[in-house]
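Only one chain is shown below, in structure tokens, and it's the form predicted alone.
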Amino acid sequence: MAEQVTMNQDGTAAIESDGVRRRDFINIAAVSFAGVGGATVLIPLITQMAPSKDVLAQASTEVDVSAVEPGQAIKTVWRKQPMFIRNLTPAEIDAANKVDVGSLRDPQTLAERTLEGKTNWLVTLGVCTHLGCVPLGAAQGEVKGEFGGYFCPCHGSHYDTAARIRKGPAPTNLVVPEYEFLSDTVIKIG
């Protein structure tokens, strides 16, 4: 390490060094220590915000629909929420397709609510979009409302065969989650 002696303007001598001074080393060590300490605090904080294993296990579910006949619906559970899976009859499909979409509060066609090639299978979240009650109409003998789909007994929302809001206080249609067919008879939701 080369040192030079120079004179300041006031006549005092100053020693300049080309290498790392002791103060530089202390600054580098302090910043490094603070960085390691910060990482030690942040890693557990960020890790605890990740979803737990039981939540990840519920991220998707598979449902066998081989026993569901046309005109029938089943209830299942996904993410602790009720799900309705309905096998629509040709008459229910025709009734849903005949509705003027422009007259609906939440305009959607049946094709937008089902998968291409599987328009007879309607998969919806079984929660009324008004205040979160569970509508009737999925089980045998339950009231299906004025439009043959679902009826919410809490405040009187009526849904049609495509689970679209037609009457009552619900602002939107029943929610269609992300789903896919793994085979002709198995649906994966989520």
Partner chain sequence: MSFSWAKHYEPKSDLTKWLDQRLPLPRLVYGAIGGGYPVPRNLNYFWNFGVLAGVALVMQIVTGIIMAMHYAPNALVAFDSTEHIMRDVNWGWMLRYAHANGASFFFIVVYIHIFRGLYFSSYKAPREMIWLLGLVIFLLMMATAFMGYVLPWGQMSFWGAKVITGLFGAIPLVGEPIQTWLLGGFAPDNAALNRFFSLHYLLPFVTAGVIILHIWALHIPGSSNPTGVEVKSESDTVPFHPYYTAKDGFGLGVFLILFCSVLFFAPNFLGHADNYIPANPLSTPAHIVPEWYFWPFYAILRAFTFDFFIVPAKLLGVLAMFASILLLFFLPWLDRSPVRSGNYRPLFKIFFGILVADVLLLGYLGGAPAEEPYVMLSQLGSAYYFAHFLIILPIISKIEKPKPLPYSITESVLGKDSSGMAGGPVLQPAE
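Residue numbers count along the first chain shown, from 1. From a predicted model like this one, the values you see are computed outputs, not experimental measurements.
Note that the form predicted in complex with the partner chain isn't included here; everything after this is about it.
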Heavy atom within 4.5 Å of the partner chain in the predicted complex - residue from Q48, S66, S32, T40: Q48
Sole residue of A91, V101, A111, V77 within 4.5 Å of the partner chain in the predicted complex, by heavy atom: V77
Non-hydrogen atom within 4.5 Å of the partner chain in the predicted complex for each of Q81, H130 and H155: yes
Distance check, P169 to the partner chain in the predicted complex, heavy atom within 4.5 Å: yes
